[in-house]
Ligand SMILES: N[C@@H](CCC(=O)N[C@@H](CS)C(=O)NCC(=O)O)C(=O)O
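Next up is one chain by itself, shown in structure tokens, the form predicted alone.
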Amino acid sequence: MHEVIYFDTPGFAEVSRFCLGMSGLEWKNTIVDWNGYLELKNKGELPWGFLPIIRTPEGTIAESNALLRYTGALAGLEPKDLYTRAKVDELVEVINGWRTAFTPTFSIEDLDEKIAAREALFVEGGKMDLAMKAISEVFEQSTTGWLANTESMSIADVKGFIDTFMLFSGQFDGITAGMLANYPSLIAFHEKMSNEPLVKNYYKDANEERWVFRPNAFEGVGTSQHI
């Protein structure tokens, strides 16, 4: 059996949880708090000192993108053709790149300053604005409707869907769902992904923190109920 170990939040483990849910395999979702994390770390059970990890029948795997590729393969979301797989991996890395702009805001202690810094990332020409537009353009140019132009869903779509829309879940001060009004193609991508039967079924009973992954999550985006 495979066991994902992480905190309760979607965070870095959500893509792997999602893929395991798609795989049809039996798996365990183990939730830990900060003390549980420290206990694992002190016991030397975290290969690089961080969560998430996945315990597999062969051993433990760490690092979120490695977990995504592993669980994506289990779910049949990794293309067999090497070139196509490389193009999928290319997009995974590009999508992951927005973290380099967003992550430094977590170290800002003053709330007003933190909010201002994050809002600045989304103004026209800001680093997050450019990232959202880049993903939008990839979706717009796809002839198959999938981000890497694959014939079916790949881990690039999983990464794009979960990492992008998790941003607008309300858990990050200064980032509101209303900001998505500037990126209509992203909303179209969201509707495609969230209405896929397997995705829809996986998230239908998810907790409220994961509302952004459900169909029509951004219906009426820009109205007061989302800001």
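Keep in mind it's a predicted model, so treat the numbers as computed, not measured. The numbering used is simple: start at 1 and walk along the sequence shown.
Here the subject shifts to the form predicted in complex with the ligand, a form of this protein not shown in this document.
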query: Residue 51, heavy atom within 4.5 angstroms of the ligand in the predicted complex; finding: yes
query: Distance check, residue 63 to the ligand in the predicted complex, heavy atom within 4.5 Å; finding: yes
query: In the predicted complex, residue 12 touching the ligand (heavy atom, 4.5 Å); finding: yes
query: In the predicted complex, residue 37 touching the ligand (heavy atom, 4.5 Å); finding: yes
query: Region of this chain that lies against the ligand in the predicted complex, out of 43 to 51, 174 to 182, 22 to 30, 197 to 205 [heavy atom, 4.5 Å]; finding: 43 to 51
